[in-house]
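Just the one chain here, laid out as structure tokens, in the form predicted on its own.
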Amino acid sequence: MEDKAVLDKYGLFRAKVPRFTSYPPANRFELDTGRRYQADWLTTLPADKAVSLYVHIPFCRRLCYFCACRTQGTQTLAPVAAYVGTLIAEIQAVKRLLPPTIGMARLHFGGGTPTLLDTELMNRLCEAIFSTFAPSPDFEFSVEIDPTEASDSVLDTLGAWRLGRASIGVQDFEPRVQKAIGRVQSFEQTKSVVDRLRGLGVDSINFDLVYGLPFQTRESLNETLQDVLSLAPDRLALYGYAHVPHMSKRQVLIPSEDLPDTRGRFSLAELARERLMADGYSAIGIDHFGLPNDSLAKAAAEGRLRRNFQGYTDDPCRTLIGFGASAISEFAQGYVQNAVATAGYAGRIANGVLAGHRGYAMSVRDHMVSDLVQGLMCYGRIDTEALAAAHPKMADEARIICAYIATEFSDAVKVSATGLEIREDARSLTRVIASTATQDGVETGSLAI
């Protein structure tokens, strides 16, 4: 049970802070940086290191009201087929810049709705990828799945291409909540897809749940959790709904008065956390839960947990190459985001140039702060001296930032001889603390919370 007085003192119920799937967050990316650096960063990748691939499929048959992802609706496969052709052309263009022996350790299809593709399109896309990048010995293929848009034939096709992990969107099973967010999806549909995947040998099933939705109550969420647990997913992600109609226009269909207030949201998150942990799931970072045999739970226990644009990951690769409109690539030197609009992305590829449009080149300080944020987001702690040793040019600043956190959040962190750790009863402040630590001016002690 978390200390609500401490959470309130440090602004949890008022905070608007990044999710920190990257540092710096994507809203700090700069125009044309991707165009300037993308080719150079691709050509300098080491031949003996595998990379991870992310493929963005931005199409959906229906546009869920709550979703703030970059997606577009379609009722036919014609634009999807054209997009797959562009994806294949981008894959081939990127491959020409890479060492010929480079392999892939991870492959993830995200969206949108990847399972909107029919078997022919899915086979075309997978053939292009697997003929270009050889899977490494620890290869994992994962796909985001909407149970209402996942035919048996497409699931069978994914199984034939070695699908190992499926991430299934559930959000909430309460009919009133589903209607309010434009996503009607029955328990029976979800169970059917789960059963099919397990029959295909998919050995890791993940569910995504969302709290803070319209008309969601503790009672309704508890019933959803009961249904979810009956399907025994290996891993769950529990995300808070972000109501940002100024950024995602479809969210205007969700009246703000139908949403729980910030304290009601917290109560829902607390309920879910307690219920999942009572059922044998361990907490991973700030919003994931896994059974003991789950690969992410093992990575967390062994100190291998990381965070990237897919959220928490056990991905061993330091390079993530993103394909498709708005996809983000991560390199040792920084980040590159493809052109966001599908038409703009397709136009760049058709004109024979790489799709990178925005990006960020990391400084020495950025690398240090990124590691600091990773420590907070993954484990709720910072080993100050290890951080200073890893970044000798930034050692003094690393110590100053950690001292600043210890002072400004004195009731929320525990200080030891080696660093600091967020108190168990204040873990919900993780993103608030990380956000404060990353603001300009912390190194001089000039910021106020």
Ligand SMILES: C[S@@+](CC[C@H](N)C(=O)[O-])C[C@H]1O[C@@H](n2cnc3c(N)ncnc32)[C@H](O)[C@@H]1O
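Source: prediction; values computed, not measured. Each residue number is its position in the shown sequence, starting from 1.
The following text describes the form predicted in complex with the named molecule, which does not appear among the structures shown.
Checking E140, E144, D314, E330 for any heavy atom within 4.5 Å of the named molecule in the predicted complex turns up a single hit: E144. The partner is absent here, but in the predicted complex a heavy atom of G112, alone among G322, G356, G112, P233, sits within 4.5 Å of the named molecule. Heavy atoms within 4.5 Å of the named molecule in the predicted complex are found in exactly one of 276 to 284, 343 to 351, 330 to 338, 164 to 172, that being 164 to 172. Shown here without its partner, the chain carries P24, F309 and D371, none of which come within 4.5 Å of the named molecule in the predicted complex through any heavy atom.
Although the partner is absent here, H367 sits far enough away that none of its heavy atoms falls within 4.5 Å of the named molecule in the predicted complex. Remark: L158 does not count among the residues lining the named molecule in the predicted complex, judged by a heavy atom distance of 4.5 Å or less. Not displayed here, the named molecule is approached by D208 to within 4.5 Å at the level of heavy atoms in the predicted complex. Using a 4.5 Å cutoff between non-hydrogen atoms, P79 does not count as a contact of the named molecule in the predicted complex. Taking a 4.5 Å heavy atom cutoff to the named molecule in the predicted complex, the contacting residues in 229 to 251 are Y239, G240, Y241, A242, Q251.
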